[in-house]
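Given next, in structure tokens, is a single chain: the form predicted on its own.
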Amino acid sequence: MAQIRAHGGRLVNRIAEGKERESLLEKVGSLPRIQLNEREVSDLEMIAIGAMSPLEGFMTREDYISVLDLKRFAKGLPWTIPVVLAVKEGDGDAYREGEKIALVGTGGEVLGVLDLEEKYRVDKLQEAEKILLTSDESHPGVQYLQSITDTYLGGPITLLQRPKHKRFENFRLDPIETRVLFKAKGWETVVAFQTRNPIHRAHEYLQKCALEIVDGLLVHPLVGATRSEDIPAEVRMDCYQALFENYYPSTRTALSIFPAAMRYAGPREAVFHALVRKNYGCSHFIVGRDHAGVGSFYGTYDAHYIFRDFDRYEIDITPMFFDHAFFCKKCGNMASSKTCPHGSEDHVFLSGTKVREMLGRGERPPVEFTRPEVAEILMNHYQNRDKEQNA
């Protein structure tokens, strides 16, 4: 059974083992150190396990500039999101090109080593405008850029130990493991669904439409850093499991987590999400309405249009574009503007913001919008949150 090739042709493995690991562990105590933030820790792990193949480390200037200007690495392979390591305030003079740096996790533990090829200054305003398409300070990606310095460190990394994860161990599969899973299930074609929100019925409709075409569905929720107002990953995972137990065919679906941080980069992040799912072994990727967007910073279908910038063979994974889905009272089922002749007055569609507002008021979302099991989990979460806040 043929599986899709990793982006760039080879699944990267930057995890040290055996004598290499022992040798590096002996050296790290004498190396300069850099404390990674939450996003950098998840990027380090994703590079090491091959999720960001062909990246072997944090980007050097040539690749960084090429990604900003051309949506490609310097050698021409498509890539749309900078994966960078920023010097922390006051530490810039501690690092010299050609030397190793110990990479330290948020708990103070040494996670890996960077072979520093290049230390370079960047224009963060330019990065914001080219990647996020805005410099508006209300955009969470702009806020992140404002929180880091304008000096980046580039070079290959080696992982010495995985970050300690306390959550979702049963759902944590590396790209090499999802590929084994798909093979064991006999799936040659697999569609991935990216989400940072509880799945509502419009999402379920898109997934099941896609599942009519391919062998299997991987629901792959992002559980890295997100905005504080997003629904916590633990609650979302409970929702996904409730759906899987009650409404999804177990032989054709799988649930695993995606440990990346959210960039909220809209169309550019849609391409990034597709490319990394290709590394996980997925042949297809669902791109819905306002994928990876936030607020009103991106057009409804900008995340579809950006795929026109690439030849289908260089992207390789097949994007599946879906229109606005909703429940139609007259049709009596889920539909989209492509399949429903009725007016918006008959459509039930609720934005994530509206749903959060309903839940905040103690109102249960309607069954036309979300499954009762999911509504129950969300109601309990908001009620418990209110109790904690009022205690």
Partner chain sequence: MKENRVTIKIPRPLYRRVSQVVQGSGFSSPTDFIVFVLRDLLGEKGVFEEPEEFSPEELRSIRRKLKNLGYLD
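Positions refer to the first chain, counted from 1. Please read these numbers as outputs of a predicted model, since none were measured by experiment.
Keep in mind that the form predicted together with the partner chain is missing from the display, and what follows is about it.
Partner contacts here mean any heavy atom within 4.5 Å of the partner chain in the predicted bound form, and among 197-205, 170-178, 126-134, 107-115 they occur only in 170-178. Put simply, of Lys88, Lys183, Arg289, Lys119 only one has a heavy atom within 4.5 Å of the partner chain in the predicted bound form, and it is Lys183. Between the partner chain and the residues Cys209, Val214, Val235, Leu77, the one pair within 4.5 Å by heavy atoms in the predicted bound form involves Leu77. Taking the partner from elsewhere, Pro366 is found to have every heavy atom lying beyond 4.5 Å of the partner chain in the predicted bound form.
Taking the partner from elsewhere, Leu255 is found to have a heavy atom lying within 4.5 Å of the partner chain in the predicted bound form. In the predicted bound form, the partner chain stays beyond 4.5 Å of every heavy atom belonging to His165. At a distance threshold of 4.5 angstroms between non-hydrogen atoms, Phe73 is in contact with the partner chain in the predicted bound form. Shown without its partner, the chain has Leu11 as the single residue in segment 9-23 with a non-hydrogen atom within 4.5 angstroms of the partner chain in the predicted bound form.
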